[in-house]
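Only one chain is shown below, in structure tokens, and it's the form predicted alone.
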């Protein structure tokens, strides 16, 4: 290295200033903080404009990616309360079936079914899981894994809600571009709302329940009631995802409770990083396109998911997002020694 220079991390001082309004005093500091986020948002917003170049196939892959991202965000919030779910397909199926039933029976369009199925599906999911909210650890996960399978068998045997045939010929959205921007807007709102939630006093109670639920009980809180609220909030984007895909495919049936809607969100969060929300989204954007590229291998994709879970759990437990964020803050530049002495 040149003896007249020394290495300096480019984020020197920015971390302190970026925690307050002082970051606005320097364009360099502002770009350092805002540019990565703005770049991601801009790329997502302009993606639908390349429909003629990429074709409808990759547009649908992007839709599936954002839907899985919503399910992954739902899983990440639940994990933040200490509820490790293995059955995100429960929320997806509840929202999908409720939207399909309202549309098939009463002729409602997406404008009405989406909000009703989102809130109603979250409420039904919460009532279904309420009796088992006292369970912890693997026991809660085992029950959540079994409930969607149980519901699909009930639908198959009783032939309610269309049975094995499902409900089809449902109203759809105007076009793919509208679908992309709708899911994109919901994804942005969900990330922002969840990030704000965990920073409030209300969100701190959720974290406390995860870390030491007995201490929370000793403090006088009804943790089952708080867990029920957490399940409802976490179920909202997942139920929306199910209702959205119902109108996208113009069909809803037993595949709404498929294991893919439980495995992919879990794997996405592990790959991206648990507890960050941004990591859940990033993991989805890595895993789902990769899953589509491996579609020709059929069920061997499950082997790929398992290997990725193993590799990231052992080799990179912090997830891709935290790893990239850490490396971003470690970039260095060469600074003249006289400049360093002046500082």
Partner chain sequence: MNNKTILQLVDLSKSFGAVKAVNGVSFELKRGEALGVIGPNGSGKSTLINLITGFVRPTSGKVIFKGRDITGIPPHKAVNLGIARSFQLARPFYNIPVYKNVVIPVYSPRARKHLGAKYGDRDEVAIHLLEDVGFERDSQVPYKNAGELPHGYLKRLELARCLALDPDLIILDELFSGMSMSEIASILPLLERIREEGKTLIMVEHRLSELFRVVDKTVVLNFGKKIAEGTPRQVMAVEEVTSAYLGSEVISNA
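What you see is a predicted model, and the numbers here were worked out from it, not measured in a lab. Numbering follows the first chain given and starts at 1.
One more form of this protein, predicted together with the partner chain, exists but is not displayed; see below.
The stretch in contact with the partner chain in the model of the complex, judged by heavy atoms within 4.5 Å, is 213-221, chosen from 111-119, 236-244, 213-221, 96-104. Contact between residue 178 and the partner chain in the model of the complex is not found at the 4.5 Å heavy atom cutoff. Although the partner is absent here, residue 189 is not a contact residue: none of its heavy atoms lies within 4.5 angstroms of the partner chain in the model of the complex. Although the partner is absent here, residue 128 is not a contact residue: none of its heavy atoms lies within 4.5 angstroms of the partner chain in the model of the complex. Within 4.5 Å of some heavy atom of the partner chain in the model of the complex lies at least one heavy atom of residue 204. With the partner omitted from this view, the residue of 226, 194, 232, 145 that lies near the partner chain in the model of the complex is 226 [heavy atom within 4.5 Å].
Just one of 208, 167, 183, 124 comes within 4.5 Å of the partner chain in the model of the complex, counting any heavy atom, and that one is 208.
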